[in-house]
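Quick heads-up: it's one chain on its own, the form predicted on its own, in structure tokens.
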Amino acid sequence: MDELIFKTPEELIQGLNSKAFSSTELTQAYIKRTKEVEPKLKAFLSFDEDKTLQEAKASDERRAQGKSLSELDGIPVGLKDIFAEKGQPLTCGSRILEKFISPYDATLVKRLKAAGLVLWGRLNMDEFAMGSSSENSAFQVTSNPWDLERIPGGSSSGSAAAVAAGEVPLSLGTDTGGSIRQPAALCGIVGIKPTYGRISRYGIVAYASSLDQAGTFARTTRGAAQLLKILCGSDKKDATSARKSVPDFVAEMDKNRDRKWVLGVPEEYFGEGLEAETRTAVESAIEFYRKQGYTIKPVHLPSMEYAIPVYYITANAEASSNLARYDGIRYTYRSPNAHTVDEIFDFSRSEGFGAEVKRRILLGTYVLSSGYYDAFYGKAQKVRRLIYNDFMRVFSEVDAIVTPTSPAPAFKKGERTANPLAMYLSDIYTVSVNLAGLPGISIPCGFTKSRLPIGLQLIGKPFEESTILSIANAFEQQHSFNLEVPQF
């Protein structure tokens, strides 16, 4: 069954429906693949083979009775280790949660189970989703399947690498400033971050609450859309989840098959710092849309130059608040060197958190402190509004915005660890989307001469995921970059 692992979600659905193979056989193929490549890839932090095979068996029984729960019933999906799944580890890539077992299911995990998907493994990530390379994980560094000496992007590093390497056909990640789109671009797959509020955050460990949003990875836009449909919807357990109807994204893509959209191209995304081969691939994709009859319109987003500082002030401020709960009293890690209450707090946090997490907590606490709040955090929120206003002004003229996803392809491990600012600039094209709460998708649009993937980003209006999925699908139908398979 080795031939199954790189099939698209659509092909897997067809195979299950035609009884060409069972969910159990399919799941066993991915388990086998995972065990073969994990020593080199290191995308998984843990997996429960018996539980996963039981879920696959239950799916086969439902299918035999004609009672499948959804089109994706029986298809394996991997989870970033930030989603609560009852009875499974929930580490967030951190020593401070190393032995924590989740006592409940996140809302999106409940929705996966209700749709019959087979949950396969806990995927590696930068600690508490703070990072762009996987190098901040407390446990291991995931490799990029296109070049094992390079990073896969982050923080949803394991989620992207596992799909690209054929360890799982679908996976979930979270995106706070590009943590789905950036690794999708660097690993050569599709990754979508929906509008803020589209998917419940209940049961997702918080990094920056006003920015975090779950999303999906797949080899095709259609697969990503099918999984997204299952996850979306309001939730009474999450006050920030949107009370919006959820369209059938796949049906919308089919309906928009021949539509010619107006695409905005912001000059701010094509300036200094954009690597030459990435520029060429993205400009080639834009030219493809032009030849297909799309209207390509130059636009301006002048406040984008402030996106990185606004993002890191906002995200770190929220992180300093959200991570205060990890105090050595609750959850798992308590320092063995502590003898007083103050020492429990101090030692447990200093020993349990990694360097990047501590850096961001300190920065966040500083910008929220007395005398600095208005100068930093308050001002950042005002500029955040200007960024949103810039997008809304442009969206009065265009249907979507097209940009590079990342300024350069995957860099080598260790290349930027000594320079946090250089690492932060990896997200320069993605953070503004989170600040404005917009939907964004990255799709493969080419390769460098050294066979490293390049990603194209499409940004949409609030709650118009169908639009960017349709535009992305139009490109995908005429190209095969997403079907390329890494050899390692």
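Since the structure is predicted, the reported quantities are computational estimates derived from the model, not experimental observations. Start at 1 and count along the sequence shown; that's the residue number.
Missing here is the form predicted in complex with a small molecule; even so, the following discussion is about that form.
Contact annotation: Thr142 falls outside 4.5 Å of the small molecule in the predicted complex, judged by heavy atom distances. Within this chain, Asp175 lines the site of the small molecule in the predicted complex, having a heavy atom no more than 4.5 Å away. Contact between Gly215 and the small molecule in the predicted complex is not found at the 4.5 Å heavy atom cutoff. Looking at Ser132, you'd find a heavy atom of it within 4.5 angstroms of the small molecule in the predicted complex. Of the candidate stretches 122 to 130, 292 to 300, 248 to 256, 216 to 224, only 122 to 130 has residues whose heavy atoms lie within 4.5 Å of the small molecule in the predicted complex. Tyr207 is the sole member of Phe391, Tyr207, Trp146, Phe83 with a non-hydrogen atom lying within 4.5 angstroms of the small molecule in the predicted complex. Note on contacts: among Phe395, Tyr312, Tyr333, Tyr377, the single residue with a heavy atom within 4.5 Å of the small molecule in the predicted complex is Tyr312.
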